[in-house]
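Consider the single chain below, provided in structure tokens and representing the form predicted on its own.
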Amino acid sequence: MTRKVVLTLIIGVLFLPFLPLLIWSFAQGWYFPQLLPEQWTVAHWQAIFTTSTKVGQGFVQSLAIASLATMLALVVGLPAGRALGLMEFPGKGAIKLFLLLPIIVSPLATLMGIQFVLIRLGLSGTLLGVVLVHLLPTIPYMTLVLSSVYANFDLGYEAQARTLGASPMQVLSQVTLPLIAPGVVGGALFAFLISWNEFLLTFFVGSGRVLTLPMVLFTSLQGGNTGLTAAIAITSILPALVFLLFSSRALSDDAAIGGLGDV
């Protein structure tokens, strides 16, 4: 069995749970013991483009929030990951444990205090406030991924570039970033997916005024329209899928370039 066949089978198994969603999104009604729906419709897909479901608004705001949260997490995670991966200093283990706390502890444990601060700053119920609170789970993932990458990073490449006259910015852009690109892409993927699918933090800090796609999906679930809910769920998967495919392509290209370099 070739590698391509195995990969196709793995992808098929991974996407198999989404097949019922796809069927429901086109089903007029799907009742037991029917193997497939007897009547099909595109009304559910037409409905998600209407203003009543607010899918478009939720989609755009989710994309903006996830993109901004990923970029800010990267800005913080790059220097923090480098420090944790390359340097030895007192309290390093405690800092790593502190970074893990937002992942281990329920967000509700710290959400009330954070919301109180954001209210005082006038950021509660704003898109910026939601972006900032999304950094709570995204920065730890980004930092820990990049610290693992930097732990295996050879500083000799940067030293050689500096001896050849490269400026600090040239060393960063032409030496360091290309070498750690797979880790950056992996960390960005985690951060984007976490922010894109975040509901609880958005619900509390957004105060119902910042509408994201997970909130639209939750509202649709309460409405009991299975077909519409399935269509919205598939819509919410698409950007994450595109980001995942882009990241996989970037990682494959980096691996290929690295292989050529070894030759």
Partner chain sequence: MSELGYLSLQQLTKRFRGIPAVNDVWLEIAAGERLSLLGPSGCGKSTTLQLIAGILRPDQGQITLQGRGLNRVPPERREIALVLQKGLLFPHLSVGENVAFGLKMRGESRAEREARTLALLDQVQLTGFEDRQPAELSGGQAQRVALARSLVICPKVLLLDEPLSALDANLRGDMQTLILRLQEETGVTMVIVTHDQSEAVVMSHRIALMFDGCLRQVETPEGLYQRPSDASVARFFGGVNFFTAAADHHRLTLAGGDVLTTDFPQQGAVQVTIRPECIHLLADQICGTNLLPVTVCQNRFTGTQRHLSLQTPAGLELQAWVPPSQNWAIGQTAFAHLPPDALWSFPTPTVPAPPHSEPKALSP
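Numbering follows the first chain given and starts at 1. Because the structure is predicted, anything quoted here is derived from the model rather than measured. Think of the rigid core as the biggest set of C-alphas that the two forms share within 1.5 Å after superposition.
Omitted here: the form predicted in complex with the partner chain. The next part is about that form.
- Only one of 185, 175, 131, 123 comes within 4.5 Å of the partner chain in the predicted complex through a heavy atom, and that residue is 175.
- Contact with the partner chain in the predicted complex, judged by any heavy atom within 4.5 Å, is made by just one of 72, 161, 127, 78: 161.
- A residue is said to contact a partner when one of its heavy atoms sits within 4.5 Å of a partner heavy atom; residue 86 fails this definition for the partner chain in the predicted complex, lying far away.
- Residues 154, 156, 157 are the members of 121-158 with a non-hydrogen atom no more than 4.5 angstroms from the partner chain in the predicted complex.
- In this overlay on the rigid core, residue 193 has a C-alpha that sits less than 2 Å away from its partner position between the shown form and the other one.
- When the rigid core is held fixed, the Cα atom of residue 170 travels 2 angstroms or more between the shown form and the other one.
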